[in-house]
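In the form predicted alone, a lone chain appears below as structure tokens.
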């Protein structure tokens, strides 16, 4: 059985979320900061009149802060609500075979290990399947 994943990159790593969970992808959006919000909350985004929480995935994954460029946005459905995820670049949609799914690599440590469901080995790269529900953690 195969499944489709929407891919994106963060700090040179290719991550993915099930296509069914992705609502849309956007270029960088203006964010309004939220005082006293958890560090992973990068602000609020107004998406055609709907206010979404913007989550900087670098924080829960323990990656270094973005030093240049504006992040891209992946809008996903978590618990039935749209949430904006900030990523470095948007990738393509890949079709993977469930038989190629493997546990998360041993090189993953800390919080990232708890947020990665596992990995798919593609001919040209390793794709890490992200547990968006846990990564958002709102």
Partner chain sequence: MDDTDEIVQEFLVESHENLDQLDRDFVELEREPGSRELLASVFRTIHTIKGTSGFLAFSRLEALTHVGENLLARLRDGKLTMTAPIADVLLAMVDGVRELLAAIEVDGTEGSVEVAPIVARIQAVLDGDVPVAAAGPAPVVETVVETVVEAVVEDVVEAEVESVVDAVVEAVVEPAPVVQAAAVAPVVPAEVVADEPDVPTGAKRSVADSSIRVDVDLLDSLMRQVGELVLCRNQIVRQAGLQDDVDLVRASQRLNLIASELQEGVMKTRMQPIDHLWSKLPRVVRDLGAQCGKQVRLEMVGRETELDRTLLEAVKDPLTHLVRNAVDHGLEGSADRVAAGKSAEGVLTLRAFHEGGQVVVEVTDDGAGIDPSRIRAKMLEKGLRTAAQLDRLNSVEVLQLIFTPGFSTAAAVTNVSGRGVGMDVVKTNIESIGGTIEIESVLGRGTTCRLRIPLTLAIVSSLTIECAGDRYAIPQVNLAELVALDSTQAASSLERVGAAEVFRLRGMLLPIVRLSDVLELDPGRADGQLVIAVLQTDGRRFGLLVDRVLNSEEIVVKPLSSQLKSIGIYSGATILGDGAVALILDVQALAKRCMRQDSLERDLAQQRGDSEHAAELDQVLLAGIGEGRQVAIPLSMVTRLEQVDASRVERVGRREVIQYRGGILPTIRLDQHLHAESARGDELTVIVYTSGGRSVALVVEEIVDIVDDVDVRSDIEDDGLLGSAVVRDRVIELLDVRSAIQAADPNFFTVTEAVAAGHSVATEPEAVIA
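These numbers come from a predicted model, not from an experiment. Positions refer to the first chain, counted from 1.
The next section is about a form of this same protein that is not shown, the form predicted in complex with its partner chain.
- Here the chain stands by itself, but in the predicted bound form one stretch of 85-93, 47-55, 103-111, 64-72, 47-55, has heavy atoms within 4.5 Å of its partner chain.
- Contact annotation: residue 78 falls outside 4.5 Å of its partner chain in the predicted bound form, judged by heavy atom distances.
- Using a 4.5 Å cutoff between non-hydrogen atoms, residue 59 does not count as a contact of its partner chain in the predicted bound form.
- For residue 132, no non-hydrogen atom is located within 4.5 Å of its partner chain in the predicted bound form, even though that partner is not displayed.
- Residue contact with its partner chain in the predicted bound form: residue 5 places no heavy atom within 4.5 Å of it.
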